[in-house]
Ligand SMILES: Cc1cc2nc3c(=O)[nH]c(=O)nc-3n(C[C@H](O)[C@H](O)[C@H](O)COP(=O)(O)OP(=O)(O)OC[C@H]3O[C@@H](n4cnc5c(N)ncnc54)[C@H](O)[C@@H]3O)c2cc1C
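The chain below stands alone and is given as C-alpha cells, in the form predicted alone.
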Amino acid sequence: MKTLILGAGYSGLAVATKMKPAPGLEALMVEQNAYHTFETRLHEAAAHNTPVTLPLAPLLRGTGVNLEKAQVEAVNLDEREVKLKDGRVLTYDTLVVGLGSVTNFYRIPGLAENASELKQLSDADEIFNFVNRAYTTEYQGNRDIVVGGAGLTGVELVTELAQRAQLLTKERGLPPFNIYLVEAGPKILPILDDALRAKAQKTLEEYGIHILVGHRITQATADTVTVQTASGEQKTIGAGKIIWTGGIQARDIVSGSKLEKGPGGRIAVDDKLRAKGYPEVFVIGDMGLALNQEGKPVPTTAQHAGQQGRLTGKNIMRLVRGEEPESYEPTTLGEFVSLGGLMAVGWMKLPWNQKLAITGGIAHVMKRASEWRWRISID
C-alpha cells in the first residue's frame, strides 16, 4: 500500500509517528522543510527569537516513513496524483492531506500586500528583525506596530512584543513603541468566558497595549491602516509594521469531481476523517471539516490536529492489517492563552463536562504541559 502524507504540521507529523514498518506498506512524507514548526509558539520566536522547530529526520526514525523535501503544488483526487513544484508527479493508494491553512485577508484593500503574517518561521524572523531595527538610533521610520485580529494568535503576539519592547527600552534607552490590537468583533479572545477574558484584557492594558475592539480594518498601505467603527467613524493609524492574524482558510490546492467543501474552504470528511467520496483520502488538521459529537465543526487548533493525526496513523496501520478504521471522537482538553512571560489564562476540562478556570503562573505551567504532552507523543 503506497501511502503519501502531505505536510509535517501537527496533524501530518502525528500520523507519521504513529506508523510502523509493515510488509506491503510504502510510506512517504512530503514536506518543504526539513523540520517541524511549533506554530503555537511562533509568537515567542517573533518577539524573542525563541527556537520553535524540531528536525524531522530523528522523529521519523523507526516509523518506516521516508521524507521527501518538496513543495506540493496540486492534488488531483480523481487521478490519484500529487503534483510537486519541481514538476514531479507522485501517485498513491492511500493519501493523507495535512497541508494546513493560509491567511485569509478577506479582500481588504492593501492588506495582503502590506501586512506580515505569523504562519511560519520566516514570518517570525521578519517581525523579530523589525523590532530589533526599530530599537536602533539609525532607524528613522515609524516604530509602532498594528496587529489585526484579537484571537489567540493576536493576543499572544502583542503581549510578547510588549515584553520585548520593555526589555529593549531598558537595555538601549529608547522609548517603547506603541502596539495597537485591532479587532472587528465586540471583544478579544471570544474562545474564553467573560471572567478569563477580563483578566486577559487587564493584563494587556497593564502592558500599555492599545485595544481597539469594534474596529474593522478597511484598508492598509505600507505604513498605515484605516479602521472603521460600528457607527461608521473612520480613522487612520500610522505603523512601521502591520501584522494580520485575523483569519485563516484551507489551502486551495485539492481538486476532485466529488469533493465537498464547507466554510473556509475546508474539505468535508466522514466520521473516519476520509474525504467524502474518496475513501482512500484522509483530510486532517486545518484542511478538514471534521464534526464533533453535536455535528458542529471541530476548531482548527493544534490539539485537535494532533488528535486527528494520531487516529489517522493508527487507522492506516489497521488498513494494512486488513482491519476496519475507527471513528473520530474529538475532545477538547482545555484552552490556554499565553500573556507573556509566566502569565497565562485558560481552562482545563474536568469530569462531567465541567471546566476549571486557571490564571497566572499555574496556567502558564498547564500551557507548557500541553506542549510537553505533544512533544512526548511524537517521540
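No experiment lies behind these values; they were computed from the predicted model shown. From 1 onward, residues are counted along the sequence shown.
Note that the form predicted together with this ligand isn't included here; everything after this is about it.
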Consider V65 of the chain shown here, and say whether it contacts this ligand in the predicted complex, taking contact as heavy atoms within 4.5 Å. no
Please determine whether Q71 contacts this ligand in the predicted complex, using a 4.5 Å cut-off between heavy atoms. yes
Touches this ligand in the predicted complex: R216 (any heavy atom, 4.5 Å): no
How about L152 - does it come within 4.5 Å of this ligand in the predicted complex, if we only consider non-hydrogen atoms? yes
Option from 203-211, 71-79, 266-274, 125-133 whose residues, in the predicted complex, bring a heavy atom within 4.5 Å of this ligand: 71-79
The one residue among I237, I253, A112, L90 placing a heavy atom within 4.5 Å of this ligand in the predicted complex is I253
Answer with one of Q303, N104, T226, N178: the residue that has a non-hydrogen atom within 4.5 Å of this ligand in the predicted complex. Q303
Taking only heavy atoms into account, state which residues of 214-243 are within 4.5 Å of this ligand in the predicted complex, ordered by sequence. none
